[in-house]
Ligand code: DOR
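Okay, so here's just one chain, in structure tokens, the form predicted alone.
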Amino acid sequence: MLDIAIDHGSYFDPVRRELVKGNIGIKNGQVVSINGKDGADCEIDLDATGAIVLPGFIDVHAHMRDLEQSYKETFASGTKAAVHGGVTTLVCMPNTRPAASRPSIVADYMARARVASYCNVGFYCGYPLDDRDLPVLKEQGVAGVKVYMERSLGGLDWADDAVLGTAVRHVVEAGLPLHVHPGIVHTKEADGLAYLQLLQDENLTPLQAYSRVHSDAMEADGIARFLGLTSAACGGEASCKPVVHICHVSSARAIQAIQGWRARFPGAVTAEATPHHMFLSCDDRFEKDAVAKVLQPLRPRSDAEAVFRAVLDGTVDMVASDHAPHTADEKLVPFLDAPSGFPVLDAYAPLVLTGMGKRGAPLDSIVRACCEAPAAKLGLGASKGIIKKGADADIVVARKVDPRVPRADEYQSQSRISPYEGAGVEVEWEVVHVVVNGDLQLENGLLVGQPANRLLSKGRVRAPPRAGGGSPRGGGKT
């Protein structure tokens, strides 16, 4: 007897690279059958007539807040938002308060996620002040070390090549991937003066001026500098295999920098782009520009088009949300005072399916960028990001709907502000059902599951097969 059957839908076949009619059977957290047979005995039968059945989206860049910023987001609200938007696996960024850069803080952060998560959760850490902590952090199960070139989480001087180069070398020696937010070190005073000068002299909007203050040249130069220091850290050793991931690529210049280094760099270089850097622009008009403030900033339309093309041709490997929740009181202030970022997860799959699809992206490219490439990046390509027998049952069912603007007041996130709503961006898809590790978490658009230990770190243990009567509606993994 199956736990869940998803019947009468069209699933994405990873071999044929297209939608294929088929019924999917799920038991004990895995896909156990894909066929055209109706009427299989099951506890839950999900009707996917007229819908598409996709691997769960995997988001390698999300800010869950929690800890001292639980007023912005918690693991419960953030992972509910993820499920609501079709994301079954996400990885948390470490710019928390306090920063997730020490083993004790990372342990606390993981403990909170272990009891409150509705989807799979992984973790990055920041660079620790004591490099001897790196092996400990690796043993805890972090997926990589995040470096914010514009400011160090621990107060280190990233403008100094010797300091940054030493940190990079220590991470490479520890065998951990590097994730980098490229740029240069900024000061609030200098940024404010430059911003006001641009507003006055060139009659720019706040978003256009902000894009100049955090320019595409700074982004591209940061990529080149970081990859150069990483290459130098290897010292020409053939055995040195660093892995570098470039976060939220936003400009044509950044794409060119990545292309230029990939041929020379001794390790693997991957990159991500966000929906807002593909679908929004600093040239757009928003109800309040501060709501659309983000780092990297929104760029001119020509850059947004270049980023979309780079995702389509694979130069940028994957799409990530950069979900960054803040309260309305924090965002609805004068532009310079507003923090960067906004929530994305609640509308993630509908935004990507609509935005990429309307601009000619085949479903094959969307699944590659949102499911398969992120899974491979996390070392999960055999079990996640794919629908096949034996894979984890992380599955999204989505239907085409009449165009509508996603409303932030319907979000599961605690952050209820959205530049997409302010710009009137419409979506043409809705997420109907979501299964996470064989547990039904979203049914007919409503959250029905329960939180459980869904950590990707070593702390997660797969549950034994269910005895008769166990419910696949949430909580199936402990």
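A residue's number is simply how far along the shown sequence it sits, counting from 1. From a predicted model like this one, the values you see are computed outputs, not experimental measurements.
Keep in mind the form predicted in complex with the named molecule is missing from the figure; the text below concerns it.
Asker: The named molecule in the predicted bound form: within 4.5 Å of a heavy atom of each of L198, R212 and R253?
Answerer: Zero of three within 4.5 Å in the predicted bound form.
Asker: Does any part of P206 reach within 4.5 Å of the named molecule in the predicted bound form? Heavy atoms only, please.
Answerer: No, P206 stays farther than 4.5 Å from the named molecule in the predicted bound form.
Asker: Mark R65 yes when one of its heavy atoms lies within 4.5 Å of a heavy atom of the named molecule in the predicted bound form, and no otherwise.
Answerer: The answer is yes: R65 has a heavy atom within 4.5 Å of the named molecule.
Asker: Using heavy atoms and a 4.5 Å limit, would one call L312 a contact residue for the named molecule in the predicted bound form?
Answerer: No.
Asker: Would D322 count as touching the named molecule in the predicted bound form under a 4.5 Å heavy atom rule?
Answerer: Close contact exists here: in the predicted bound form, D322 approaches the named molecule to within 4.5 Å, heavy atoms only.
Asker: Could you tell me which one of P275, G341, P406, P177 places a heavy atom within 4.5 Å of the named molecule in the predicted bound form?
Answerer: So the residue touching the named molecule in the predicted bound form, by this definition, is G341.
Asker: Could you tell me which one of T74, T270, N95, S365 places a heavy atom within 4.5 Å of the named molecule in the predicted bound form?
Answerer: Among T74, T270, N95, S365, a heavy atom within 4.5 Å of the named molecule in the predicted bound form occurs only for N95.
Asker: 333-341, 129-137, 352-360, 166-174: which one contacts the named molecule in the predicted bound form at 4.5 Å, heavy atom to heavy atom?
Answerer: Single hit among the candidates: 333-341.
Asker: Considering only 285-315, what residues come within 4.5 Å of the named molecule in the predicted bound form, judged by heavy atoms?
Answerer: The stretch touches the partner through V294, L295.
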